[in-house]
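One chain comes next, on its own, written as structure tokens: the form predicted on its own.
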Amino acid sequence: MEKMLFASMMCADYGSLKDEVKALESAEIDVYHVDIMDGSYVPNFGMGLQDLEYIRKATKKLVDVHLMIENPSRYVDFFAAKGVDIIYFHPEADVHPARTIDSIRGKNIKAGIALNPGTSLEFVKPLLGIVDYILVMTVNPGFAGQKYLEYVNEKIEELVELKEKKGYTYELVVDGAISPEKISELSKVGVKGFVLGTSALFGKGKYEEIIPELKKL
């Protein structure tokens, strides 16, 4: 399975965002991953809208937004207008998640749900057949630099089994403390996408050397 590597832009050097995007572009990153937080759903504030706008203008590659916010349905039109390609939201933060998925896809944008470590599969099973991506959080959302939660592996394996059994078309993406070792391990299980932060990409050296090596794993 060909991997998709997502650069977690929350971990980028904001003193030189232009240079960061240029270097990632040259290194053939697949997706720019932008975390949006409201300080309510998670106890932190994420990237600025100006950062998202700059990244979108600077690249023709995929740009996604991970909405860690309350009532995400209210902002589908807003982020669609920013030109993003994928929108993830947390179903438990939304009153009518199925309707929100339909709204996202109605904008010709890929729809994804984000699952916290504590979110049960039973809660989201009705949605699995109508989403394009499932973003599995392997740390508790809101902060970079956390430790990978091994117990989430069981959920990942169940999602792979459900996809094969039911013929679902979603792609699995993992986010949180994703090291090269985890990329190697989880790609064998059936995970397609990997959000890269400080465990595998940022602060680890030259992107044009790191990214091709990660794609080989």
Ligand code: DX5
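Heads up: residue numbers just count along the shown sequence, starting at 1. Small disclaimer: the values here were computed from a predicted structure and weren't measured.
Note that the form predicted together with this ligand isn't included here; everything after this is about it.
Only one segment in the set 182 to 190, 48 to 56, 23 to 31, 64 to 72 has any non-hydrogen atom within 4.5 angstroms of this ligand in the predicted complex, and it is 64 to 72. Using a 4.5 angstroms limit between non-hydrogen atoms, M137 touches this ligand in the predicted complex. Although the partner is absent here, S16 lies well away from this ligand in the predicted complex, with no heavy atom inside 4.5 Å. Mapping the unseen interface onto this chain, G145 counts among the residues with a heavy atom inside 4.5 Å of this ligand in the predicted complex.
Interface membership of V173, defined by any non-hydrogen atom within 4.5 Å of this ligand in the predicted complex, is ruled out.
Scanning 8 to 28 for heavy atoms within 4.5 Å of this ligand in the predicted complex gives S8, M10, C11 in sequence order.
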